[in-house]
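What follows is one chain in structure tokens, specifically the form predicted on its own.
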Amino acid sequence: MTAPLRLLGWTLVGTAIVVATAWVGPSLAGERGDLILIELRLPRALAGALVGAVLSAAGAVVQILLQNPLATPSTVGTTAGATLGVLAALVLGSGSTLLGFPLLPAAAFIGALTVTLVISAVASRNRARTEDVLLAGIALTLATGAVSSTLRLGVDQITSLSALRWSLGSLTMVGMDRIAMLTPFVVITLLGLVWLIRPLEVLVSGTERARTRGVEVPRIRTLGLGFASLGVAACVATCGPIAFVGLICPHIVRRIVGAAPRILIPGSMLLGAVFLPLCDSIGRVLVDQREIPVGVVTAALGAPVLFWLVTRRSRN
């Protein structure tokens, strides 16, 4: 079987799994069962597939660009910037609007993109090294985290609780309206990352060799970080920060089918699109009469994976 046919087959299997997750959870029997399925469960499954595909593909690309298997989109400060934007919006009043858009997701998007533009500027410098980009991302994450902590001190308990719920990451309130807003950014991000596969194939052989073969390394690094951060920012604005998807899925794909970008990036998209809806469905059934936010489930799965990766690298 050729590679395109295998990819098509796995895509069909993944689609079936995503749709099946809508039936996982409390019973859908009764008069409201169909309404819950159509209005709540299926949109959540679709949103989970879109967000999972973006986070996973972005994680794979960031790991390739920074040449660090422990790197994630959070490394470039996107999540921290989005969190700062949300807290600022909560202080101003989350019921407000900005140019017709709800203030909360709009502020998250602006905060994430602001931090990303700074990191992209660092990455575009001709003498910028991988370590420079990583350190700049860590510095911005710490700075935005400090500002976020300061903002939390000036809000009431209700606002603080809203900020906490947002920070957990959840697909509960994502409906078709938010999916409609998210989809264009998902399409742009995924197409952009796929378009970069060819130069990334050369880049993995080494920065110097890539330059000798005509690859503009700063430009590719800037575009890669830009596309990845655009998608991650849109996802955070839609459902809050969801950690470790961009770490777990690329590593699973890398161990199963290899690390070549032409395999790793599409494979990460597909696995992420299945992984996040599955985690969301797990959160619906772990505790009786309660729902665990999907961000908590991915963090519970990702933390041991990260610990294992760190200890494995230390032994090597």
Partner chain sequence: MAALLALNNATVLAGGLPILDDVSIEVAEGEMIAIIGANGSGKTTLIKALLGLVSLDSGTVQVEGKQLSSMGAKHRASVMAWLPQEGSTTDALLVEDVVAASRYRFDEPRAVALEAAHIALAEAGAGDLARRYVTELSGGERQRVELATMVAQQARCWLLDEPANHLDPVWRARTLRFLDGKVSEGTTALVALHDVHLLGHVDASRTRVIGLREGKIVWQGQLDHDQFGQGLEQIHGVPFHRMESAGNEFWLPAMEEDLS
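Because the structure is predicted, anything quoted here is derived from the model rather than measured. Numbering follows the first chain given and starts at 1.
There is also a form predicted in complex with its partner chain; it is not shown, and the following applies to it.
Participant: Just one of A106, V215, A143, V122 has a heavy atom within 4.5 Å of its partner chain in the model of the complex. Which one?
Facilitator: Result of the distance check: V215.
Participant: Looking at V257, I38, L70, V287, which has any heavy atom no more than 4.5 Å from its partner chain in the model of the complex?
Facilitator: Selected option: V257.
Participant: Residues in which of 205-213, 114-122, 163-171, 75-83 have heavy atoms within 4.5 Å of its partner chain in the model of the complex?
Facilitator: Looking at the partner contacts, the answer comes out as 205-213.
Participant: Would R262 sit within 4.5 Å of its partner chain in the model of the complex, counting heavy atoms only?
Facilitator: Yes - in the model of the complex, heavy atoms of R262 and its partner chain come within 4.5 Å of each other.
Participant: Would G192 count as touching its partner chain in the model of the complex under a 4.5 Å heavy atom rule?
Facilitator: The answer is no: G192 has no heavy atom within 4.5 Å of its partner chain.
Participant: Even though its partner chain is not shown here, does G226 get within 4.5 Å of it in the model of the complex, heavy atoms only?
Facilitator: Flag for G226 set to no.
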